[in-house]
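Before any questions on binding or motion, here is one chain by itself as structure tokens, the form predicted alone.
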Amino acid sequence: MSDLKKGLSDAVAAAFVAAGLPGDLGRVTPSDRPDLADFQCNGALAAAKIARRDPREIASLVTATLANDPRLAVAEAAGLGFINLRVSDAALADRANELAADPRVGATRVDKTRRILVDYAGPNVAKPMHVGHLRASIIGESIKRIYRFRGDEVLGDAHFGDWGYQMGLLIGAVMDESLFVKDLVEQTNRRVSPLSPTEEASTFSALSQHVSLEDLDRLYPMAAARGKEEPDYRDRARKITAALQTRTRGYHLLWRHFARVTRVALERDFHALGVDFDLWKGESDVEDLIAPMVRELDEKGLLVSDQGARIIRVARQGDKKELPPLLVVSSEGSAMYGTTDLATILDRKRSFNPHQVLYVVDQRQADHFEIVFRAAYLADYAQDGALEHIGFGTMNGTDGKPFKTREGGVLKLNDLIEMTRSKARERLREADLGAELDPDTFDATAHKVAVAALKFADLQNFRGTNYVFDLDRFSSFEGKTGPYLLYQAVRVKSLLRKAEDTSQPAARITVGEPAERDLVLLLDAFDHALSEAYDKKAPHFLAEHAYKLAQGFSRFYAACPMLSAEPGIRASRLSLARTTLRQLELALDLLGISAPDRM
């Protein structure tokens, strides 16, 4: 089942071929003048240059061939040689009924299923998430859902930052602050035998009384600053890091506590955003792979000695800018950040063997990923082009600068979520919505409105651009906002509930009114928007479709009475409204947004 645009493109292409011209000139697009036509083709203008003929003459030949196409009410040449196409009401009705009967409401699947891994969010152990993690989480979740819905086998990986020097810094800082923790760690370090499950559970319980995520968040900046300024402090952190990486019991136990308390907060924040992962892997999961990987890279002749370090040169002839090598082993003998990323690619190849890995990470990391990817291709850990950085810009405040607290600090993600929830409650009350809901349902609805405001504010933009987050504007129930989309979905649900008392069984959809035509054309465009979002890893195509669909339903609702219409028309319009709701909710779900039943 193809959409009208594709079907008409095939027909126009055949008409060009019948005229002795290349079929690829028959590409059909939505009309720039919807008052004149539904679709247009500008191929006659290009054909005129090829054939050295009048474009108007070519357009007339093509439209003459299309004259008997039952899908078209009008096929005419216009202007300098434009081809205007108007779909018949009967063809639109047929298409509307196809969509109504389709569980996927017009969305097609990929021809060939692939294994896709989406690496997104990138939270760090021992640190609460901040607004900088928001875009990665929102964009990555939507891309994962889009790829999975189109039929690919997809895994989402949070990929923790949970290893390395920063862990040594933090372990030292916590031991400095708490004598209890210091004694516990040192006693555990001296143990010959491992802790029993009961002893381990008791130890974690004791640690939870002395070390919280708030403590870690407070201590890390202080420790990092001291590590830069005090050589002795830095050296101790490096020694602790080395001991941690050899699984010294006390340090490893404390590190595991850091991971546990962090994950509780992460799962809270991710769950609040409607984000979930198939894998919760971190840098530590590939620690055992690094030493054998380094030996293998050496055996392949890829490692080069450079001032005591071991590097992989990744520069290529013809590069427009100079890329530094990948530093694999430092002059001090330690593995580096890029080394862990390379080992992660190897681990993913062995465990999942993906056809493609998508890294949803800040655009400012583009050079880092290009270096790592090139090293992976040289090592044959991935096929050329199978690793792709899905970069994104920054989320800024209304002052145009990166979003901050009023005091100028980095805003924690949980605080932003709560701010938006509070604003959603305020907006619902201002709009006199939710008054009939019980308190728990009202709060649940406000949460969905808040998530819609946050996510749609982001996803309506091309991911590579910066955007300004204005909480007042994006929480409004008017304009191009998430709450507006939810309001339209709830409006359809309310309409269908009212119709249930006297409703007839789902009826065949007929099309005649301009607002009905426009709505069916919008429904027909869903698969194209989904394909664009999939091919370009850019959910904004789908967000734009959802917004236009909501607008189209609003115009239809205003122009085409349903409950008061005569029975046949009433049943048809209710079927069209029901189909619109299904597609709108599906599009919202692929964006990671859920609509409430009532407001």
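Position 1 is the first residue in the sequence shown; the rest follow in order. Keep in mind the model is a prediction, meaning the values are calculated, not measured.
Absent from the display: the form predicted together with the RNA. The rest refers to it.
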Problem set entry | Residue (of Phe204, Phe180, Tyr337, Phe352) lying close to the RNA in the predicted bound form, criterion heavy atoms within 4.5 Å | Tyr337
Problem set entry | The unique member of Trp255, Phe477, Phe277, Tyr147 whose heavy atoms fall within 4.5 Å of the RNA in the predicted bound form | Phe477
Problem set entry | Contact test, all of Ser331, His540 and Arg598, partner the RNA in the predicted bound form, heavy atom 4.5 Å | yes
Exercise. Does Glu566 reach the RNA in the predicted bound form, with heavy atoms at most 4.5 Å apart?
Worked result: no
Exercise. Looking at the partner-bound form in the predicted bound form, is Ala558 within 4.5 Å of the RNA by any heavy atom?
Worked result: yes
Exercise. Would Pro325 sit within 4.5 Å of the RNA in the predicted bound form, counting heavy atoms only?
Worked result: yes
For this session: Answer with yes or no whether Lys321 is in contact with the RNA in the predicted bound form, where contact means some heavy atom within 4.5 Å.
Result: yes
For this session: Report the stretch among 489 to 497, 193 to 201, 150 to 158, 343 to 351 that approaches the RNA in the predicted bound form to within 4.5 Å, counting heavy atoms only.
Result: 489 to 497
Exercise. Which residues in 256 to 272 have a heavy atom within 4.5 Å of the RNA in the predicted bound form?
Worked result: none
